[in-house]
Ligand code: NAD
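The chain below stands alone, shown as structure tokens; this is the form predicted alone.
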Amino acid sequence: MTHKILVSDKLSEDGLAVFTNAGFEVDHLPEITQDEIKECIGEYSAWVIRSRSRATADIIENATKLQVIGRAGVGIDNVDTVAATQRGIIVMNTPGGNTTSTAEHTISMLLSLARKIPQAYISMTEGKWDKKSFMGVEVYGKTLGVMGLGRIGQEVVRRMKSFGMQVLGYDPFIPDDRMRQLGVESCTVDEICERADFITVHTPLSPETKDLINAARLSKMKKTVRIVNCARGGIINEDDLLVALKSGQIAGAALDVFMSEPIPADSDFRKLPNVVVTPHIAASTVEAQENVAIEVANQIVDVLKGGVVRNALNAVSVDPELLPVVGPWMDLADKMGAFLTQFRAGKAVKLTCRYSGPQLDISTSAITTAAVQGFVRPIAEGPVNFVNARQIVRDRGVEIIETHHSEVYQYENLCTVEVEYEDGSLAYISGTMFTSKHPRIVILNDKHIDAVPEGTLIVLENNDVPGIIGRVGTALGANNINIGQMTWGRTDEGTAMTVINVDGAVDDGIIEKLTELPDIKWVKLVRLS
């Protein structure tokens, strides 16, 4: 059977040639409408999109032959992945295609900011020859702070060291040994804010990194500091940044991304003389677009020819006969990995998955990958999937170990995810399946519990004294937060741990209020899908 490929956005000729050379029929229709796609999608085995087309649930419902949706790019906001998964359609992207382009744009923004190149160019186009207004600064010998050392951050480091810059790095999940290999001095965010002459951010946007740079941290910076953001809008608080730029608290900023895009025509960021702005074009190079076109085409050809599945966001390589058993454990392991990342911060050096019991006396590679995926997803720069999760973790200097034990524990089948940190400390979480539809977290560090791994959880440790549960419940109720389930465990040392499943939104203010209650040692917020 000859496969037909629909390409509904602009794609390079080299990308299209990959399909034709593989013997596939290609319809390249970059102006096709959503309604037209809905009418014809049933003819195709694969569908290639970029940012214009949207793979919505109603279109996917008509995709009777579709095996794969390929996004020539990173973001998949325009793909209903849930609907695709329900139809057994693989969704894949090209996460590595824009690394170089984004790193180079970051450096271009940094140098433009240092030498006031855009402002000087505008002056020249106005017929002026105004040398004295555009005195710049050298980057040689200066200190660069890099917040986030994933693929892009590391590429920026390599290039800027050749400019003779000293580099400070912040990434709570990369060990110091890896930092030293990169030639980076490991620092906290606050240390970077106090010491750096230039700062660039390359973290994902998450609850932990939102407003990572805010008024308090801007106040700690040198008045000569210059800040670059080509990562995600929201990592830098834009209101606080504007105040600092207008007051002279910092020297300048270069921004490619914003909380809301496009920014208004009258935005102050467009007007300030110490700001360089671009319209989210860090990945917009001929090479990056060519790379993602060829990459997505090759990935789709491999899928349609029965080869390896790469960069799939929803595909799992598991024997179909084992999937009914393995699938629920994979989901549990994913959530346990995500739980640990949010529960315990630190630079991980080893992630170990331990299995025991007859259900787990099988190939557990997919379950381990699920745990790794859950662990790294909250901290990764881009999409994480079963293909790239292990590599992302290894790139961060984390060793992955999988072991099986024949010992009989309290639970017939038990999966444990343990993380060792650079300081030698450990954090571990164990889970079991009461039935295929009833997963439970049963051990958290040294405490036995019975927690449902879903939704929003509040985890707290307290002195084992009367009245704690009542005070916590009252505090949550006062903030209109309903308790769905509560479980607790205790030790002989006089401490107890409580895990609470709650309904509704929980913000940092509520966590602070709980922390301030008598006999509460600490409180953590964990969000699971």
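In case it trips you up, residue 1 is the first one in the sequence shown, and so on. Since the structure is predicted, the reported quantities are computational estimates derived from the model, not experimental observations.
What comes next is about the form predicted in complex with ligand NAD, which does not appear here.
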- Query: Applying a 4.5 Å heavy atom distance criterion, does Pro95 contact ligand NAD in the predicted bound form?
  - Reply: yes
- Decide whether Arg232 counts as a contact residue for ligand NAD in the predicted bound form under a heavy atom distance cut-off of 4.5 Å. yes
- Message: Whether Pro453 contacts ligand NAD in the predicted bound form should be assessed with a 4.5 Å heavy atom distance threshold; does it?
- Response: no
- Task: Please check if Pro204 has a heavy atom lying within 4.5 Å of any heavy atom of ligand NAD in the predicted bound form.
- Result: yes
- Check all three, Val74, Thr209 and Ala283, heavy atom within 4.5 Å of ligand NAD in the predicted bound form: yes
- Message: Between Ala293, Ala333, Ala253, Leu149, only one gets a heavy atom within 4.5 angstroms of ligand NAD in the predicted bound form; which residue is that?
- Response: Leu149
- Select from the listed residues Asp80, Asp171, Glu381, Asp197 the one whose heavy atoms reach within 4.5 Å of ligand NAD in the predicted bound form. Asp171
- Note on the structure: Within 4.5 Å of ligand NAD in the predicted bound form, heavy atom basis, the matching stretch of 443-451, 135-143, 98-106, 114-122 is 98-106
